[in-house]
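In the block that follows, a single chain appears as structure tokens, in the form predicted alone.
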Amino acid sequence: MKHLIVGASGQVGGALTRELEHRGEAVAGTYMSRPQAGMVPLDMRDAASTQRLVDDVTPDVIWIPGAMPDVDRCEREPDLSHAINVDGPKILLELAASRRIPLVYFSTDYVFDGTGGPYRENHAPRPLQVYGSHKLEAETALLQYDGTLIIRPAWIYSDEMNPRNFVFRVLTDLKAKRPIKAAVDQFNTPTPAAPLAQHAMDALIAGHRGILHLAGPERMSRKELVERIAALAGYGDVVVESVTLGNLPLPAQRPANGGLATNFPRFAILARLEDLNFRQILTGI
């Protein structure tokens, strides 16, 4: 099959590209603001350019990991957030539906308010901020097409040398001996990018459509996550300062008692932080 990955330069897009190529699939990837070799530029808000690319690639599947994921920037610039996180995916929806090919969209756990996690696919969304509201709006529109698969992950991490990778950011601060603060009252299910890509492809092949939660098997606080990263990287003696969400100067509200679980155990992710190649990350910092 031929796959078009819109937003292949990000953590999820990169993991997805590697997984598909490993399976012998043909892949065309795009970037918006972070050029990478072998990828083509695309602003999915541009309907004409997006259609030309789809016509050129003639994909059998369209994947949309690309987004404006900066939650606080979305809060400050809601019009831009809507254009990228809603209008862009809707353009790709029309192109996928007109060709009757599957569309896979990566959403977020931020469609939930974080009052009663972990959440399953049948729980009612209630976003707290602009980002979650726009991702939910995109979900609603895309699910009108019966060929859509919505993947919801949470707190994505990987072993990439990528500033968007939370593990990389934590290890960079540890190596530079910068103090680290982390919330003790925010809980979630950290999700490894590579298994996320593997299970997303498995779900697509299995014919799963609709909403699917793909998240890691452990639920922990942000502080515990930082402490686990530090310990696994050999920084077990570092003290992580405890803070609460209410004491952090964040424009956008975060779900506190969050996390995801799935009603489809055949796709459950089992990989943990221990499976990361910490040596590789540390060598690259």
Ligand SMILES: NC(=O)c1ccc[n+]([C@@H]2O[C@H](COP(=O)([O-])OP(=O)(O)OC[C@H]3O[C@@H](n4cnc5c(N)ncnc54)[C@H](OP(=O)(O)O)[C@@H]3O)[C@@H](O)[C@H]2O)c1
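Residue numbers here begin at 1 and follow the sequence given. Note that the coordinates shown come from a computational prediction; the quantities given were computed from them, not determined experimentally.
Unshown form predicted in complex with this ligand; subsequent notes refer to it.
*Asks:* So, Val170, Pro192 and Ile269: all three within 4.5 Å of this ligand in the predicted bound form by heavy atoms, or not?
*Replies:* Checked in the predicted bound form: no contact with this ligand for any of the three.
*Asks:* Select from the listed residues Ala183, Ala154, Val111, Ala96 the one whose heavy atoms reach within 4.5 Å of this ligand in the predicted bound form.
*Replies:* When this ligand is considered in the predicted bound form, the option within 4.5 Å is Ala154.
*Asks:* Can you pick the one in Arg254, Arg45, Arg219, Lys223 that has a heavy atom within 4.5 Å of this ligand in the predicted bound form?
*Replies:* By the 4.5 Å criterion, the partner-contacting residue is Arg45.
*Asks:* Of these, 198-206, 142-150, 173-181, 102-110, which stretch puts a heavy atom within 4.5 angstroms of this ligand in the predicted bound form?
*Replies:* Checking each option against the 4.5 Å cut-off leaves 102-110.
*Asks:* Would Gln11 sit within 4.5 Å of this ligand in the predicted bound form, counting heavy atoms only?
*Replies:* Result yes; Gln11 sits at the interface with this ligand in the predicted bound form.
*Asks:* Is Tyr235 close enough to this ligand in the predicted bound form to count, meaning some heavy atom within 4.5 Å?
*Replies:* No - in the predicted bound form, heavy atoms of Tyr235 and this ligand never come within 4.5 Å of each other.
*Asks:* Decide whether Arg34 counts as a contact residue for this ligand in the predicted bound form under a heavy atom distance cut-off of 4.5 Å.
*Replies:* Yes, contact at 4.5 Å.
*Asks:* Would Tyr131 sit within 4.5 Å of this ligand in the predicted bound form, counting heavy atoms only?
*Replies:* Output for Tyr131 is yes: heavy atoms within 4.5 Å of this ligand.
*Asks:* Taking this ligand as it sits in the predicted bound form, which residues of 70-100 have a non-hydrogen atom within 4.5 Å of it? Please list them.
*Replies:* The one in contact is Ile84.
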